[in-house]
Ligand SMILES: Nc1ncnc2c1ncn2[C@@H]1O[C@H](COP(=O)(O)OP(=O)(O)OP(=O)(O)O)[C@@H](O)[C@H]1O
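In structure tokens, the next block holds one chain alone, the form predicted on its own.
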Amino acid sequence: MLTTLAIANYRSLRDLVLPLGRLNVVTGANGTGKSSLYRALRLLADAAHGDVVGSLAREGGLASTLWAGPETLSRAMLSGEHPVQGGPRKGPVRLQLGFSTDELSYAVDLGLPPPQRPPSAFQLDPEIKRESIWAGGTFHPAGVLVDRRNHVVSVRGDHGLDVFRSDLDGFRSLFTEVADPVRVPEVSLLRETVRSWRFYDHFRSDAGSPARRAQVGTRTTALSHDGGDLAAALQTIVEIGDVEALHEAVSDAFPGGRVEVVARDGWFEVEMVQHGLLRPLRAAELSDGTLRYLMWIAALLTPRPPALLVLNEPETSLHPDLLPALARLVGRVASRSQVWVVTHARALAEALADQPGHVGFELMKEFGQTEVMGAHALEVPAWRWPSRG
């Protein structure tokens, strides 16, 4: 389980350290940084897949994702005596992401490549300056197990850190380039943990949604990001998952309702029995909200739960009456997977607050940077970034 999330200089997240629980709920007004926090988690996941530099490029490059405010905020700026203004940059360009689990911590530091002669066309292409994996939550040189500085990777040996590789490309992460489960088991452990994270932020429920049509079914232990393999995912839960939880989740939201998967010559289609109707409704006939709710059931009751489930605005298209049932379903899932929920719906946030393991973060902005409202009440863990020196 993640115990700490740390982000520095990513969009409005100038310096944010969050203590995490089993069920983490992020709320706040538009523009306070909820989406940036969600994207930062995705960037960490992309690092484990070897695509963090590519992801930054798709966001417009490092220059577009960096904190856009001044390098430092003086007391006079904070008090309003002086206008907020910048000056010549004193420190290096850097974007930092990190997390701690129950046993290990990880941090990555991204910046710009040094000037080259002759100049390179990739001069603005970000590169990884440092990556570290250490034991425990607070960084200390003695606890470092794997350390990457620019092109050189060192691993902990009997007499300190020994060079393991010295030829890493600046755009490659040690998660993809250091694959030795015997000499460097920490990399393999964290890589597989982070690669198991699942993100859901857009389920298609329009008239042309694949979930509304019959599809060839194959065993599906993780619902696709658009929900197109809904029927196969539900049938997989029926055969190798918690079918009782499936039925309870449906009846909790739709009293007297039941969902079934009809299989004809290998083609699967979702049908739903509803109280008072003489025949089941096919997926093509369901409302957007009902179809999306079935997708959330399929995503959350996966027979192969990940280490982390991240849900972005799960209330979209749902009737307010469904939110308490969704909160109970999320709370049930949080007992076996850590869950992260970003929501605009106050009713959903309040319902989730009643679930075990809940930690709430209401974001606000001050001087352009994202902060947690009432942060003084949180037990913010100690966090130190590995230096480049």
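Because the structure is predicted, anything quoted here is derived from the model rather than measured. Residue indices: 1-based, along the sequence shown.
Note that the form predicted together with this ligand isn't included here; everything after this is about it.
Contact annotation: residue 22 falls outside 4.5 Å of this ligand in the predicted complex, judged by heavy atom distances.
In the predicted complex, no heavy atom of residue 335 sits within 4.5 Å of this ligand. Contact check for residue 29: a non-hydrogen atom falls within 4.5 Å of this ligand in the predicted complex. This ligand in the predicted complex is approached by residue 35, whose closest heavy atom lies within 4.5 angstroms of it. Exactly one of the stretches 60-68, 46-54, 351-359, 322-330 approaches this ligand in the predicted complex with heavy atoms within 4.5 Å, and it is 60-68.
Looking at 7-22, the residues that come within 4.5 Å of this ligand in the predicted complex, counting any heavy atom, are 11, 12.
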